[in-house]
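Quick heads-up: it's one chain on its own, the form predicted alone, in structure tokens.
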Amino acid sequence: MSAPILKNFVAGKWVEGMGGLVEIASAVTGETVAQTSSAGLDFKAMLDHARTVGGPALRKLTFHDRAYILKDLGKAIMECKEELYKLNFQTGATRKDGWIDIEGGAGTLFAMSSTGRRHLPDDKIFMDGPAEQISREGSFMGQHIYTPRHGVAVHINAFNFPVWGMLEKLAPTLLAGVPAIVKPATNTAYLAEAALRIMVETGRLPDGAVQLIVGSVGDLFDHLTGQDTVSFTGSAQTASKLKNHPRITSQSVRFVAEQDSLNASVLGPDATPDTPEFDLFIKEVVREMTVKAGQKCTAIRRAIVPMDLLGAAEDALKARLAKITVGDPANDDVRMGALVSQAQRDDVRDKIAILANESEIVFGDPHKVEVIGGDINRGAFISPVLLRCDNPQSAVNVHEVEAFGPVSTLMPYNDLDDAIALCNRGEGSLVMSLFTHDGQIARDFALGAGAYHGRIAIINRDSAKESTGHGSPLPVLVHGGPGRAGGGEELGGVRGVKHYMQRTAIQGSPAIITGVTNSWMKGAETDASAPHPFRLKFGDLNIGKTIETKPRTITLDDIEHFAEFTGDNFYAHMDDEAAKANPFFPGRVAHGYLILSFAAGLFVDPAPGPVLANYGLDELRFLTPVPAGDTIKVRLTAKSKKKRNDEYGEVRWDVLVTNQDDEAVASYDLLTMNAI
């Protein structure tokens, strides 16, 4: 029986390539597990379909609509995960490895869905920062906004995480409202294709939102425009080739890259063999060497320890590596599976030989390994290999050559500055880790190495139990790095979404800016007519709905009663002479929280109604002191709204408290939960 032929997903249909089939071998047995081709596809038509069908369909939806799509896609992956785990073993990955890829991919969809609903509006435009007043009287202002780019996101993914690698790009792209064309690496394309089938079958993806190429991209790049984005994961060599494509440069196509990374892990100078940090470091280095057989862009390639601990660290690493069993990843007794292909194994062997020119192999044999199950001759098995470089300061290869497998080089440092310099010799990495219990050492590392690394994981006895570890990218944190690592910032919550959107400065009157953003701006029209805004349900409340309250005079008795009742006897409220000596006060003044309390008493409608709860305050500022005898009043204006669920939504109110001279006393945003 011949191996199944993978299909491309083009304009809503699953299509086989027209000849030129490429066989994909199992990493474990060498047998053909799938065939693939993209021959005959009309790549220009795919781009056109995405731009004219997928893009408009996504842009009709709000951020929250798209977020709920991501949530449903994540649920579908979890419901069908066992189907994916069966395929996962053929890639050479254990079930634990697959958990990172499959369930980690679904988790990324869930996390980005939550990010969209928490941090983005239930709208189609996202404001970037506060408005800028650019005229004296405030009649002309500016506001930065983000809108979806009217192009296509081309995702070129690596072989090591066929599910997570696809979903970590798709999640922010779809949330941004941009269609994607996904090109998985050939070696594991069968797992990516299966995952996409699961998502397509939910019916939640709008037509044209996602398409799939399971083969060469042909002339796809020849048809890119300045509205498109290319997001690439792979080698620096391939990234450079793609980045310098004539169409990329002539059209200024946005290019996001995550590429080679000689990540480092450092054992802090405060750690000794009898400290928890030493043991944690040893465990993490071995884990990062062997998870996914070391085929991780975040794996530890350089393990850096104090000079006097080089021997102890080597012994501890070798002892732990000796417990690693290699073989068929479907076998429960196997700790490390195979590399993705024999070609990848041969490449790792070649890279080890280069590293061995200035380092010594102290554990493992790249040409010999005992395996449990699998086919030792046709599979792509290799032993974990630990090298030791005694003079890393003068070495070159250990800081330039990456063996993309279960390989790491142990090296010593002389002092903290030397450790930082060695880390930075990698010329840019996705992540470095530091094992220390000393806050000052951590600060020095952040200052000295931060510019060279996308993420710094600082792990010690206090955080280890809950730490996600050195090598785990998180949806809420940036995943990328400078220099050699490619200069990209995938993920990172809203930051990842912004890669696929355009930031534009809009200028106009407050009313115009309000109209564009659906968020009330100071100076725009308000509606102070009845009823009280707290009488209106979420759906009936319009932006700009306002109440201007009656005034209230604050007396000395009020100030003293508040002090006695709350216990806040700060001298500015109770000692006139001391208050006058303070440059901020004319004498005794009202408590800031007294002003807030009285303000609430002025604008709150007390009867039960649509307002369910006070959710909190943002941007609170006390602007002018209020001595006894001053009078305050409040203007409360509905500023923006965000639906939370079918029962209630969040309303943001602009609150301005002024005195009898119309001077601003306090300002803040009030958040309430209002019934739908």
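One rule holds for the numbers: they count along the sequence shown, beginning at 1. Bear in mind that the values here come from a model prediction, so they are computed numbers and not experimental data.
The protein also exists as the form predicted together with a small molecule; that form is not presented, and the subsequent description refers to it.
Of the residues given (Ile156, Ala524, Ala131, Ile352), Ile156 alone sits with a heavy atom within 4.5 Å of the small molecule in the predicted complex. A single residue from the set Gly234, Gly104, Pro510, Pro412 has any heavy atom within 4.5 angstroms of the small molecule in the predicted complex; that residue is Gly234. Within 4.5 Å of the small molecule in the predicted complex, a heavy atom is found for all three of Thr238, Lys241 and Glu402. For the chain shown alone, Gly454 is not a contact residue for the small molecule in the predicted complex, no non-hydrogen atom being within 4.5 angstroms. Residue contact with the small molecule in the predicted complex: Thr229 places no heavy atom within 4.5 Å of it. For Arg302, no non-hydrogen atom is located within 4.5 Å of the small molecule in the predicted complex, even though that partner is not displayed. Using a 4.5 Å cutoff between non-hydrogen atoms, Gly208 does not count as a contact of the small molecule in the predicted complex. For the small molecule in the predicted complex, the listed stretch (118-126, 159-167, 555-563, 433-441) containing residues with heavy atoms inside 4.5 Å is 159-167.
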